[in-house]
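Coming up, as structure tokens: structure 1 and structure 2, two forms of one and the same protein chain.
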Structure 1
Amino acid sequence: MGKVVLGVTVGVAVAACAVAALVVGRRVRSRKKWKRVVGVLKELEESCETTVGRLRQVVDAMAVEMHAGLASEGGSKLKMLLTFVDNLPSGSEKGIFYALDLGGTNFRVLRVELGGQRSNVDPDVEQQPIPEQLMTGRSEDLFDFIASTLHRFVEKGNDSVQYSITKELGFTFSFPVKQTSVSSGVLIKWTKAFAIKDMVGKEVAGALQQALARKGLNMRVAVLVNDTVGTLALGHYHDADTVAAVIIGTGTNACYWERTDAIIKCQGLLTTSGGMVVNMEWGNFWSSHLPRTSYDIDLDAESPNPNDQGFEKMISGMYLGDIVRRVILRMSEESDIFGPVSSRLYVPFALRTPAMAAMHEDDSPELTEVARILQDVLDIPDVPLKARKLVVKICDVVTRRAARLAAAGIVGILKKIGRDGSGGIAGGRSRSDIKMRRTAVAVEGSLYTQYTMFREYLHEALHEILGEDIVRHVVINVTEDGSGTGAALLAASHSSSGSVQLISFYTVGASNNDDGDEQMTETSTTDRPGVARTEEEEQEHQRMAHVTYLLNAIVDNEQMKFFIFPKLPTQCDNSQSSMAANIEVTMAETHADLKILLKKRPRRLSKLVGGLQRLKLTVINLNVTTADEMALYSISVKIEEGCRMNTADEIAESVEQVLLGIQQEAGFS
């Protein structure tokens, strides 16, 4: 009996040990799996890190790419498209104006009545779906349908169809267009569900204008714009300090007000206002300073437009949810923390950004909304609380990166136009001698307006980049319906405007008079009559014509004082070099900005530009400001292949040697 009891006791003990070993083994394996998942999260956090230093590098890169995009077509990932909008609404507009907004399967017609003195804008709006057959048929049928809808809309508003005075219409057309004037543009291609072949390569506003005439509408298409430009117009109508507009929604873009003289790639451009709205198409911005992850690389490779719209893929609502999906998928593949891998996790864009935002902002103790979305959207049931918390953290990391990068992009625009308090100094260092002006930025888009955490992270980054002293001068204003109301306001501000002129292009060369000043001379289109240039000769010709243009612009405008730099001191620090020159160089990837302060000398500028070319530094923008006997040269250059200088100090030393050589050649003491 005793042996039986002993045997039973031993058996129970062995079984208990086995169970304990099994439990311990499971716990060890569980810890290892959890450790792998935490490792994935840590890797994500490190890859998405956006320190203030990195954000300021993005700011500098954005400003440099803007300079390059204004200097030449194809000179930058930023297209920097001319809109020919040279007159933003002031609030004094009066009258009745209309707008059409065509950008998808629905289009809208709007009517606004303005009473001056920045009166409230309360538009009448009607939305109309476009029949599917019209989206793939003939252009005439589409525009006749739109004109008929507008005709009925006008009649409902008790406006006479046969106007004694032509009514002005703003047309928002959200498809790729080559703008040729403020009210005309050629369709490059259709997107979305449109495929009307006979319209490609044709003038868009003209097609609409003809349809309006066929329907008996006495209306003129006053402006052809995109939604970002409309947002700037609406922002400026309510706040005259508005200088830029950003849309952060499903997609993203930005535009801003630029001085006409800074648009170097369009030499013959004249506006009575001295400025123009530039459509940046900033979704295509790229820089090595952007914190890119393996998930971004995979998303880009699998997208319909790989190696394109890199900035948009990191910050816009179209992509944030899918980045989170990819992270959850990897965690699921490396552990069973979410149970068996759901097939839904392999479906691109199965998790949309609104659902991601809802999980991120779930503040319930048990994260019930997170559990619901994981089950309903991704087919992942019964997720434990600690795994739900992990999902919230993933959403936070991805959203924080996006918002902070968007903030850096905004500051990049402010830096380009001298509104960031740095005086053009790279790295975001503020200068106490610069008087800051109040600056407003109009922002539209659901990602900013409806996603609280995104908005808070964006504002946080603005404070960090600009600093408290500067950021208090920068205002973010939310607008609503820039694509519709903004277009109507632009129709009002351009109702009698014919101010934008594009003079026929000519090639310029340089000659010197007896005093050694550069003069502009018109030249023929070839240096050898009747003989076409080779491709290499043409590139060299264009490069030299561009440099000559810069010099001519300086000669013509040196005393105009429209540059963004602060007033110069009347003397420079003689201790800086033997030639009494202050040289400051800042670098951002393959571009550099030079500021050279020294005494004015005749014929030195052209020799300096030539010296820079020999150093493999191609000039893309050049400004001169003078005060008394001093001159400040502000030069943006592209660092070409073969350049032996790798640091800002090396460039500064080489430039100083060029200036010393010029000085010795001229015999100046």
Structure 2
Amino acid sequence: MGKVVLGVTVGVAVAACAVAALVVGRRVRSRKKWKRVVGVLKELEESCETTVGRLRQVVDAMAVEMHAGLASEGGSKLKMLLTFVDNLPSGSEKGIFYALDLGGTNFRVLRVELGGQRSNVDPDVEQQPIPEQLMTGRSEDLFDFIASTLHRFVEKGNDSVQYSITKELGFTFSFPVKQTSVSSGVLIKWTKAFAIKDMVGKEVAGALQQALARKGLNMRVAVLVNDTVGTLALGHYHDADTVAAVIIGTGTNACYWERTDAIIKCQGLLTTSGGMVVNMEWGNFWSSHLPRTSYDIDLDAESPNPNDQGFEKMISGMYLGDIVRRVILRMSEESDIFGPVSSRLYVPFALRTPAMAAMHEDDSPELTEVARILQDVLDIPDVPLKARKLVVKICDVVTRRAARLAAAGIVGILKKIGRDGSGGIAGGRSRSDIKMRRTAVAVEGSLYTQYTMFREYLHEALHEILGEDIVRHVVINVTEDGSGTGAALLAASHSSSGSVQLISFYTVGASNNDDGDEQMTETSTTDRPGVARTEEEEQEHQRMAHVTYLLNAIVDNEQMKFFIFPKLPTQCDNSQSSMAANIEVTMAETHADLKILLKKRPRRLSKLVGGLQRLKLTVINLNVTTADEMALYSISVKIEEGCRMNTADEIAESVEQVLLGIQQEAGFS
């Protein structure tokens, strides 16, 4: 009996030990899995890191690319398109104006009545979806549909369709257009869901104008703009300090007010105001400083436009939800914290940004909204609280990066135009010299207006990058429906058109000028027929091709002769020496402007550019002016990391050494 009892006791003890071992084993395994998931999150956080230092690098890169895009056609991933909008609404506009807005989520028709004195703009708006078959059919059908909608809209209002006075119409057309005047432009390509073949390469406003005539509408297409320009116009109508507009909705883009003399690629551009709005197409911005993750790389590769719109793919509403989906998928594959992998997680864009935002902003203690969305949208039921918290964290990391990069982009614009408190990239003035002017930026788009966390992170980053003293002077104004209303306002401010004069429309980079005696011989040592270039070689090749572009822009401009006797802040005047070059260097943070005046010599410029590169000075803009025997090189350079020179004097000296070297090598006297 006693034996039996003992046996039972031992048996129970053994069983208990086995159960305990099982439980411990499971715990260890689940801890390992949890660790893996936390590892995925940690890796995401690290690769999305946007320290202020990194954001400042993005700011610099944006300003540099803006310069390059203005210097020559194709000089940068930023297209920096001319809009020919040379004045912005001032608030004094009067009368009734119409606008059409095509290219956003909806097609809209608008009418505004302006009373002067910055009167309230309270547009009548009618919204219409574009029937799907019209998006891929014939252009005539699309424009007839637009004209009919406008016709009905006008009839409903108090205006007569048969009015004797021509009404002015603003047309917001948010597709890439090569503008030829403020009221005309050629469609480069369709984007979004549109694909009307016969329209590509055709004049857009003309097609609309003809459709208006077919409907008997006495209207003139006064301006053809994109949505950012409309937003800038409305922003400026309400606040005269507005210098830029940014859209952060399904996509993202920005435009700003630029001095015409800074638009180097368009020599001889004259406007009565001295300025023009430039459409940056900033969604395509790219820089190696952007914090890129494996999820971004996959998203890009699987997109219909790989290698395109890199900045947009990290920032805009179209993509944020999908980045989050990809991270959840990876976690789900690496562990079972989300149960078996849901097939919904493999569906591109299954998680839309508004749903992602709702999870991010769920402030209930049990995160019930997160649970609901995971269940309803991604088909993942019964997610434990710990994992729900993880999902919120993923949303936070992705949105924070997006908002902070958008902020860096905005500061990049401010830097380019000298409104960031540093005096611009070529100003050479120190922070303390600058009296910062009040500066307003108009912002539009649901990602910014509807997503509180995004907005707050953007503002926070502006503070961090600009600092308390400067950010006080920078105002972000939300405009409502600027893309449409702004076009009506621009129709008003451009109704007496013809203010933009083109003395000549010489576009740098578009043509070769072989007359100059400075010729670029491409010194590519990496070209091996039949052998593909490495990535590094390809970059170098692209860079050299870009430099060739710039070098081809040899301008022989009489007006620029005054530069020949410049007032030089930092000169290396060696007119006594045999070389007789006059070198002026102005430095501002990571940029320097060089002006080098010397006798014309063949083939020196390419060697000089190579020499600058070796000094770790990257040429971002170059102009050559020749007069008589002399040549003036105006060169903007970026001072790369690892450059040994710290002052303008040191740069001037090194450049002189390079020139001397070239001279000795060539045996010039």
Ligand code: ADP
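All values derive from a computational prediction rather than experimental measurement. Residues are numbered by position in structure 1's sequence, first residue being 1. In this text, rigid core is short for the largest set of C-alphas that superpose within 1.5 Å between two forms.
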(request) Structure 1 or 2, which would you say is the form predicted together with this ligand? (result) 2
(message) My question is whether residue 190 is one of the residues whose C-alpha shifts by 2 Å or more between the two structures, given a fit on the rigid core.
(response) yes
(request) Using a superposition on the rigid core, decide whether the Cα position of residue 82 changes by 2 angstroms or more between the two structures. (result) no
(message) When the rigid core is used for the superposition, does residue 215 move between the two structures (threshold: C-alpha shift of 2 Å or more)?
(response) yes
(request) Would you mind giving the Cα movement of residue 105 between the two structures in Å, after fitting on the rigid core? (result) 7.9
(request) After aligning on the rigid core, report the distance the C-alpha of residue 199 travels between the two structures, in angstrom. (result) 2.5
